[in-house]
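One chain comes next, on its own, written as structure tokens: the form predicted on its own.
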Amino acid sequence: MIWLGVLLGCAGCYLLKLAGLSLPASWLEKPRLQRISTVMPVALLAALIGVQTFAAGQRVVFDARLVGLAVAGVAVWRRWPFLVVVGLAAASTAAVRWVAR
């Protein structure tokens, strides 16, 4: 049953990508569509970060992940390398969880 879901998901992703490639070039050259396509990945990534940080099932929670997100935000603001940002966020989250146990 899981493989059926995986195959259907793959087929859906392929068809969605094919639909994007089938759009007329005149539609893609519109400035409004170009602006939207520029900011869309940022909005999707921000939504993913928000859900992964503040959600636990159906509830909103504030726990050690919030500290990791704050530390990562400061590291990004300071323009530190990506691996440093991820490492600091993971270390700070682990430290808060270790202290709070």
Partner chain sequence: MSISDDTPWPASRRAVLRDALGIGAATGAYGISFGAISTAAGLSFLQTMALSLLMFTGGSQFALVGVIAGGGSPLAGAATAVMLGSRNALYGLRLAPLLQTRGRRRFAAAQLVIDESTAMAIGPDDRRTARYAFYATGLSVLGLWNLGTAVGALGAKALQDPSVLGLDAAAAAAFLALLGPRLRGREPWAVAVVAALVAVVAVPLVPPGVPVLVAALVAVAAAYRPVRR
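Residue numbers count along the first chain shown, from 1. Throughout, rigid core stands for the largest set of C-alpha atoms superposing within 1.5 Å between the two forms. What you see is a predicted model, and the numbers here were worked out from it, not measured in a lab.
Omitted from view is the form predicted together with the partner chain, to which the following refers.
K.L.:
Taking heavy atoms only, is Arg78 within 4.5 angstroms of the partner chain in the predicted bound form?
P.N.:
Arg78: no, not in contact with the partner chain in the predicted bound form.
K.L.:
Can you tell me if Ala100 lies within 4.5 angstroms of the partner chain in the predicted bound form, counting non-hydrogen atoms only?
P.N.:
Heavy-atom contact with the partner chain at 4.5 Å: absent for Ala100.
K.L.:
For the stretch 37-65, return the residues whose heavy atoms include at least one within 4.5 Å of the partner chain in the predicted bound form, in the order they occur.
P.N.:
Ser37, Val39, Met40, Pro41, Val42, Ala43, Leu44, Leu45, Ala46, Ala47, Leu48, Ile49, Gly50, Val51, Gln52, Thr53, Phe54, Ala55, Gly57, Gln58, Arg59, Val60, Arg65, in sequence order.
K.L.:
Is Pro81 among the residues whose Cα moves by 2 Å or more between this form and the one not shown after superposition of the rigid core?
P.N.:
It does not, since the Pro81 C-alpha is displaced less than 2 Å between this form and the one not shown after the core fit.
K.L.:
Once the core is superposed between this form and the one not shown, does Leu28 show a C-alpha displacement of at least 2 Å?
P.N.:
Yes; that C-alpha moves by at least 2 Å between this form and the one not shown.
K.L.:
Between Leu21 and Ala47, does the Cα distance in the predicted bound form come out closer or farther than in this form, changing by 3 Å or more?
P.N.:
Relative to the shown form, the pair is farther apart.
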